[in-house]
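Given as structure tokens, the chain that follows is alone and in the form predicted alone.
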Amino acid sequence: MSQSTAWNPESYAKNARFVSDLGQPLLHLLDAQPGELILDLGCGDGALTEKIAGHGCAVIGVDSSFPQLQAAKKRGINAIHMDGHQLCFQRRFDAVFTNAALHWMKQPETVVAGVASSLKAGGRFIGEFGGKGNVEKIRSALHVALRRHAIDPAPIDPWYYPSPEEYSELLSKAGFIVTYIELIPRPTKLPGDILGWLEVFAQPFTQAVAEPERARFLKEVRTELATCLRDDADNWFADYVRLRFKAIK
């Protein structure tokens, strides 16, 4: 996960609980079986990890955020601090599961290689994350606002959003057989104002702006997005596009 983002469990639960709430189809794709050992890569506060464990399997969660790990442990999750680029398991798991985490990992080849090493022969890699076009309107507004403040957004942007073709090729090169991959447009109603979403997910952009200018920066982004992501009832939406996949080692 991005080291420039501070993951606050309370703020995440308030502004982004929909991320795990929309994970049920991915759990069906995982199809966890009793007795399996499963790794949850980027487990966050453990909301989905807990559901996986409810199928009678053993689950280990890993995440780079200490506050999120503490929240996961309060759920009774076996959670370990580990960067997704530095997985150090060897042929231990029947499956690796990941939701809404891979797009924060900017070295995907390293991540996929670590997943491959972590799986037993025949093990499966099931995941969903931001795909090509994900939050494109939000991302564009953030980039435009940074340029307005004379800041180049390229080195600041923390996200990796591949196409199905790009990610399939990466998985195949690591020795996986891709049995399913799909790009899923999923405009998502937010629980509140877009500023809550930006508070959780756009920290790298906001932190690039001098502190006295941050409120104005966020106001500029909000104003830009109001024309395309807010409806007449004052509901806000995020223009999500998810990449869901299943691959076998």
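Don't overthink the numbering: it's just position in the shown sequence, from 1. Model, not experiment: these values are computed from the prediction.
The next section is about a form of this same protein that is not shown, the form predicted together with a small molecule.
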property	result
Among 75-83, 146-154, 132-140, 170-178, the region lying within 4.5 Å of the small molecule in the predicted bound form by heavy atom distance	132-140
Heavy atom distance at most 4.5 Å to the small molecule in the predicted bound form, all of 55, 97 and 125	no
The small molecule contact at residue 93 in the predicted bound form, heavy atom, 4.5 Å	no
Distance check, residue 217 to the small molecule in the predicted bound form, heavy atom within 4.5 Å	no
Residue 240: touches the small molecule in the predicted bound form, heavy atom cutoff 4.5 angstroms	yes
In the predicted bound form, residue 159 touching the small molecule (heavy atom, 4.5 Å)	yes
